[in-house]
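Consider the single chain below, provided in structure tokens and representing the form predicted alone.
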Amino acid sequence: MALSNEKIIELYRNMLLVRTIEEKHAKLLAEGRIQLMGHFGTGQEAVSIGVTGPLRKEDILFGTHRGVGEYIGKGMNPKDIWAEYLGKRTGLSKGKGTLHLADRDLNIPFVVGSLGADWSIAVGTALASKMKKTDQVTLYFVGEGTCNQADAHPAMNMAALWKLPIVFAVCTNQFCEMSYMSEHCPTEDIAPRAAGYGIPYEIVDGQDIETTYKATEKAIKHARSGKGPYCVEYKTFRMALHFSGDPGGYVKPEDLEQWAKRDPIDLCRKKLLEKKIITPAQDNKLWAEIKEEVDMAVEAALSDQDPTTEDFITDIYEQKGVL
């Protein structure tokens, strides 16, 4: 069934919001107003927003360090993200997480410091949901490079064995940090690995927001129905460098040029305009509103209170009179 016009506009707006937040982050870095480096997800917005769009609030999301897409898609507020990024006391982790975002209310546990270390943790939350019969689904959002980590296979094995409500969502952006995926993996696809454990899988175009949303919706429905895990691989391209200081000499200019022609935001905008779902004037207004929203969120976070020296020793160990 086709997505409603309202839903497509919502998804488009979230993609614009993600792109604007990350462009603002890069600008603040260039101006020296923020010290936190960025791992931007430019070009991957249709994946991160499409993957999280069908989730319920109570569902559990394990995200990555690659930009803010999945966190915006799950419902995080730009002001909360900026407060955490800037290390403020008002951050959801009181400024102690920074790039490692977490949101207890939205069931976003954390971003691990070592990529792939949370494969088994995600299986654990799915197991807990099944044992408690909560109807929750865990979505483990991961890059193709992290699928080569040692915990990937036992995690998939146990998820399949126990028929756990978990979706393995693989964002294949062609790069494993500062080298191409082809230098790390002998196959073009990651998802077929799931078949080795009897997990159904699908490989889809990661540049089309409707495609990514519908594929994830199908996978979540499968997992929630008690049929066990599902794996979806989304083919996209990381148009940003691995991190904000990356010299980027490994990226082939012809690849950037080709993938830029299928920018997910441009594709969605074209569809909206051609179907007369929005007008050019409405599109311009939406961009302006989002830019203002992000600017206001940044300025509000910049004016928030910084941590005190006492904050460094709180929320670390249980306080029983002994440090």
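Everything numeric in this text was worked out from a predicted model, so none of it was measured. Note that residue numbering begins at 1 and tracks the sequence as displayed.
The same protein also exists as the form predicted together with a small molecule; that form is not shown, yet it is the one meant from here on.
State yes only if every one of D135, K163 and G226 has a non-hydrogen atom within 4.5 Å of the small molecule in the predicted complex; otherwise state no. Not one of the three qualifies.
Tell me which of 145-153, 119-127, 88-96, 209-217 has residues with heavy atoms within 4.5 angstroms of the small molecule in the predicted complex? Result of the contact check: 145-153.
Answer for R193 alone: is it within 4.5 Å of the small molecule in the predicted complex, judged on heavy atom distances? R193 lies outside the contact set for the small molecule.
Please run the contact check for Y71 against the small molecule in the predicted complex: heavy atoms, 4.5 angstroms, yes or no? Because no heavy atom of Y71 falls inside 4.5 Å of the small molecule in the predicted complex, the answer is no.
So in the predicted complex, is the small molecule close enough to F175 to count as touching (4.5 Å, heavy atoms)? Yes, F175 sits close enough to the small molecule in the predicted complex that at least one of its heavy atoms falls within 4.5 Å.
So in the predicted complex, does any heavy atom of R56 sit within 4.5 Å of the small molecule? Flag for R56 set to no.
Looking at R262, R33, K270, H65 here, can you tell me which has any non-hydrogen atom within 4.5 angstroms of the small molecule in the predicted complex? Looking at R262, R33, K270, H65 one by one, just H65 meets the 4.5 Å heavy-atom criterion.
Within 4.5 Å, heavy atoms only, which of G113, P247, P253, P186 is in contact with the small molecule in the predicted complex? Spelling it out, the residue with a heavy atom inside the cut-off is G113.
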